[in-house]
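The chain below stands alone, shown as structure tokens; this is the form predicted alone.
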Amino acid sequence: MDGVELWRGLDRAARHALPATSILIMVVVLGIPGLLPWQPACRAGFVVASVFFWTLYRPASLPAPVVALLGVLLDLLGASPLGMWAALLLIEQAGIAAVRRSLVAQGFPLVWLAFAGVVLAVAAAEYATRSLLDLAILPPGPIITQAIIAILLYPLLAVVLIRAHRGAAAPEQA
């Protein structure tokens, strides 16, 4: 293998790893206290939106074991029950993969509507899990706020992710 092939291979690997790496970096940055208002909700919303986007448009770049590890990290930084976010994100990823072929060809408004449905399902599952583990009916306000932030965050995040999808994260351009 000559030097050019080595650099080309490293470039492809870096582009392939960009989705998981960017999610990891943002989860850690959003774990720093005091950066934003509603920071924990932003962190969870960012991860749900990123998993949705990359599973829809570049599923090979975000394999299930990586999604599970990102969920565990989200649990550890957010003081969630360990494994809850890993399970929720894996269920989200499986659901998106099931409808990916029909959804990927749709325009942005329909994709955003589908994302809103996914967020509501994830929020309902999170609420049910937390209530079940605490053996109490928890106040739904924080989870509703988190869902609203995720839905509103998606169009802004999609602009950045679409650019990454077509540029820096595109292994075919290596």
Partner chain sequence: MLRLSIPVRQALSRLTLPVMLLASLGLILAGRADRHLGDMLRTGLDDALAPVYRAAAAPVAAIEQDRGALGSWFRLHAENLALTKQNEALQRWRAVALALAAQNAALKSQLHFVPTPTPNFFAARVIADLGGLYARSVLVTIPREAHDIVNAIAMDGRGVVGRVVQSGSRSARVLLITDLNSRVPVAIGRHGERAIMEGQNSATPRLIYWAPGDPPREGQIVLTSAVGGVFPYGLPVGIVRYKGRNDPVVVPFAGLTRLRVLRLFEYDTQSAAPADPPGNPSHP
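Since the structure is predicted, the reported quantities are computational estimates derived from the model, not experimental observations. Numbering follows the first chain given and starts at 1.
Note that the form predicted together with its partner chain isn't included here; everything after this is about it.
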> Heavy atoms within 4.5 Å of its partner chain in the predicted complex: does Ala41 have any?
Replying inline: yes
>> Residue-level contact is defined here as any heavy atom of the residue lying within 4.5 Å of its partner chain in the predicted complex; does Pro139 satisfy this criterion?
In response: yes
> Is there a non-hydrogen atom of Gly31 within 4.5 angstroms of a non-hydrogen atom of its partner chain in the predicted complex?
Replying inline: yes
> in the predicted complex, does Arg130 have a heavy atom within 4.5 Å of its partner chain?
Replying inline: yes
> Of the residues Ile148, Val111, Ala125, Ala68, which one places a heavy atom within 4.5 Å of its partner chain in the predicted complex?
Replying inline: Ala68
> Hey, which residues along 59-87 are within 4.5 angstroms of its partner chain in the predicted complex, non-hydrogen atoms only?
Replying inline: Ala64, Pro65, Ala68, Val72, Leu73, Asp75, Leu76, Leu77, Gly78, Ala79, Ser80, Leu82, Gly83, Met84, Ala86, Ala87
